[in-house]
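Starting off, we have a lone chain in the form predicted on its own, written out as structure tokens.
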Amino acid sequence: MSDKEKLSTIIDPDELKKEIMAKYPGKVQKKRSKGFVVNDPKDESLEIQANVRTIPGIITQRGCTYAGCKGVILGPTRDVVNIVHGPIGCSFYAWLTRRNQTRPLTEEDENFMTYAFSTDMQDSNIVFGGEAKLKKAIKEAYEMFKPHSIAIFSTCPVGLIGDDVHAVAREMKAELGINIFGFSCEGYRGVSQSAGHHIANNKIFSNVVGINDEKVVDSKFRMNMMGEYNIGGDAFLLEDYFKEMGIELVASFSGNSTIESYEYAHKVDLNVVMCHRSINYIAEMMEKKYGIPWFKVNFIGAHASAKSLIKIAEYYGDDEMIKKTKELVDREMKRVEEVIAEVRPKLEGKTAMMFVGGSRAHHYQELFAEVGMETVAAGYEFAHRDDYEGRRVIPNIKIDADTRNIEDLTVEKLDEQFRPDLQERKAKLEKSEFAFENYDGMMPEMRKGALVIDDISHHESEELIAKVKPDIFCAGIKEKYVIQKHGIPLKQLHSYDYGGPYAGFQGAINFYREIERMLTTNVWKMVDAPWKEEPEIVGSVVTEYC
């Protein structure tokens, strides 16, 4: 291999990029080239275009703003009735489609996650307005379920006809006496799901966080976990680790969560952030208002989990907690290393591609690396530049018209509840190079020559599969069956198919075993895509006259 590293011994990534881009018209090619880069972790001038609208006509993996707000951020919260204001088609995503799991403390505790609440707007509501129907739906939901709170989610038609969900929420809140709030999260409002995350963060922070100051949280060590959505039970494992360390997890945004816990989430000593893109907004706002420090963690991958747990213990600085944490890590890593020794010989040298949302396209590279596999191409559906290049680039990111559609909250220090002691602890730790408010991004941790692709298109996926022939492709349900018809196994990293948990140490073991099963079976060699033999579907029109 030459000094310039390649995707493999036969593929030059620069030439591959040129070949893929050449199929596009000139203007499209120019735009897509900015979102399709050959990585060089040492080149700090390397820039990727992200968080821009998808080019019309290109099929990509993205979802809409409503999906990010309702499905991702509020979907895993069990004690809130989430009413989708719009046609029933949008409400498919109001149901439990992402395998978010929850564990009510008692049989009597509320759990509305498996319900689909919708106003089911009809043509007449589109013409004459749907606010009356929304009020009726809120009253019915309250009478039937007596929920702790109700949230309203606007879909595209609602924004187009001008229904004021916020006015309805205020009116019904006053009438029913529970917390009711709305989200202007129409699908078209932003570039992707990311806008919905931001909108949800803003409303939860302004309407929920901090409104319960009566709750007493008297544990010695208190923490919130953010950006962990308990897909397949991930959060359950992490909660056990925290309990063993002696930490009370006050609120989880949003896996295995309750709105009630968000109300007193300001009574903690630390916020840790898993998915940087979806939840960093609340972490930043809570620090400004309450003085609660935050830092990035990663519980995907055994070594990453170990580092994150030890960093949390070091933040608290309690000798007994540090001792317990190291014992936990030593015990669990022995189990992990036994499985790695068993499966690595079967997987070493194999290649992976992953194009998923959140931080998963970054975090899961850790798991593959632990069994000797290489990630040759990766990217996000809805990232911003800082997710790729790190938070150092945030001051240089241009604010565009789509971003201006999202409310920019003004957050001020709340003197009576601000925690100067936590800021003093933070300043002391920073002197010893303890990193807060930091994320280096995905690109610095990917090797030279790997492809980093934002908002990958169907054409680009097919070309990569044909030219690079990865051993496994990681994406979502929309891509799954097309990829598998190429004879390439696809692992869903949005909903884990029917697997998981994959977080923490046991999660890493589960993932190694799952990938071993997928890559040592011969079934994929037997798959022959139907379009190889019949590349065209030819139709005919027959006209009959009576």
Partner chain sequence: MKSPHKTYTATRNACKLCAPLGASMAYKGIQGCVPIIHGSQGCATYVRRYMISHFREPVDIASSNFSEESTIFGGGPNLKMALTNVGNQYKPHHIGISTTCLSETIGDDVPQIIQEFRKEQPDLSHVGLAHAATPSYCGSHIDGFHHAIVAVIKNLSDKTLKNDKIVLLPGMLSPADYRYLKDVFDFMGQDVILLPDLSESLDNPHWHDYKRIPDGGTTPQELFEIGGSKGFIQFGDVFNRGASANTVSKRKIETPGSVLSDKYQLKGKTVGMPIGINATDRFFEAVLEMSGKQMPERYEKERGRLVDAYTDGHKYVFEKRAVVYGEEDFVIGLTEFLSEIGVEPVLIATGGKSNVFESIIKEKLQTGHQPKIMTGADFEEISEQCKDVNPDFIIGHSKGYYISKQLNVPLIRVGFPIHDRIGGQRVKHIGYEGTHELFDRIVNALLEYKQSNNAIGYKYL
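The model shown is predicted, which means the values in this text are computed figures rather than measured ones. Positions refer to the first chain, counted from 1. Just so we're on the same page, rigid core means the largest C-alpha set that superposes within 1.5 Å between forms.
Another form, the form predicted together with its partner chain, is not on view; read the next lines as being about it.
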- Item | Distance check, T114 to its partner chain in the model of the complex, heavy atom within 4.5 Å | yes
- Item | Contact test in the model of the complex: K532 vs its partner chain, heavy atoms, 4.5 Å | yes
- Query: Could you tell me if K485 has a non-hydrogen atom within 4.5 Å of its partner chain in the model of the complex?
  - Reply: yes
- Query: Heavy atoms within 4.5 Å of its partner chain in the model of the complex: does I88 have any?
  - Reply: yes
- its partner chain isn't shown here, but in the model of the complex which of T351, N202, Q101, N405 has a heavy atom within 4.5 Å of it? N405
- Which pick from E366, D120, E437, E110 sits with a heavy atom within 4.5 Å of its partner chain in the model of the complex? D120
- Are all three residues N179, G317 and K324 in contact with its partner chain in the model of the complex, where contact means a non-hydrogen atom within 4.5 Å? no
- Task: Can you check 294-302, 352-360, 128-136, 324-332 and let me know which stretch has heavy atoms within 4.5 Å of its partner chain in the model of the complex?
- Result: 128-136
- What are the residues of 278-295, in order along the chain, with a heavy atom within 4.5 Å of its partner chain in the model of the complex? none
- Message: Given a core-based superposition, decide whether the C-alpha of M526 shifts by 2 Å or more between this form and the one not shown.
- Response: yes
